[in-house]
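First, one chain by itself in structure tokens, the form predicted alone.
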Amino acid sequence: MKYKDKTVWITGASSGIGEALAREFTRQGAGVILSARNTEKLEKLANELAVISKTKPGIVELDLENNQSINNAVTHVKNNYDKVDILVNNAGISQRSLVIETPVEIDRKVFEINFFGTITLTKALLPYMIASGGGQIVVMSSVVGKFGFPLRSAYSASKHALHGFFDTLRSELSKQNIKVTIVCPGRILTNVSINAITKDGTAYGKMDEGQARGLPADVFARRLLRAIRKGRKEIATGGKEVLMVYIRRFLPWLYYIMASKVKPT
């Protein structure tokens, strides 16, 4: 098995990409630690995965908006596992609101979860990972971590910030055997748009049309595990929307023309 004897800690594992990654890592022989706020969903998933692996995955409650929750989770993992080979920073929240209508409190909430929660968890675990001989940090960004997109200002900005932070982390800790893989998914078929936060803090409650046609999460998970195994520094995968990443990089004039025609819906 490709990930046999590896311990993988996955945040945001109760649904969507995180759940799909948990299933695929388990199929490929890894021992997984599942984290999210909803422990009932984690318990159900853990029981299903136990049928595959014959060993029930660990469950660690985690709320990235709460520093005490993060510290408690890291302490639990340190006390109960010999090592963490791979940390998958997958938990996060999306957004659907116009800049001019969005209170800064909503922007702060998105950053608190997507950026500050992620780096707080990473910083807390890193000394333990280094002391165990190294490991790999996987960071879930987005194609809109490469360029802005209507209705996703704070979300896009939080993902941009992850790139700056984890590119720096990679360069600082390469000699300590810490690898970093930044992942830029396009449209993946999950409930991310349904759960996205709006200008008044409520859930968007709708499936985006593009999301509904997105790449199945299990297909995405298999692609990502290949990239992690190869030690890829960055990967962008999804549908045709991923082409915008390369258009932005190599044909910026064309990107700006295309971006100007995108409707904020």
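In this text, all values refer to a predicted model and were calculated from it rather than measured experimentally. One rule holds for the numbers: they count along the sequence shown, beginning at 1.
Below, we refer to the form predicted in complex with a small molecule, which is not included among the displayed structures.
- Looking at 71 to 79, 87 to 95, 172 to 180, 130 to 138, the stretch with residues near the small molecule in the model of the complex, meaning non-hydrogen atoms within 4.5 angstroms, turns out to be 87 to 95.
- Judged against the small molecule in the model of the complex with a 4.5 angstroms heavy atom cut-off, the residues 12, 17 and 159 are in contact without exception.
- Between the options 199, 27, 232, 37, the residue in contact with the small molecule in the model of the complex by a heavy atom within 4.5 angstroms is 37.
- With the partner removed from view, the residue among 151, 125, 110, 192 that has a non-hydrogen atom within 4.5 Å of the small molecule in the model of the complex turns out to be 192.
- Contact check for residue 65: a heavy atom falls within 4.5 Å of the small molecule in the model of the complex.
- Contact check for residue 211: a heavy atom falls within 4.5 Å of the small molecule in the model of the complex.
- In the model of the complex, the small molecule stays beyond 4.5 Å of every heavy atom belonging to residue 146.
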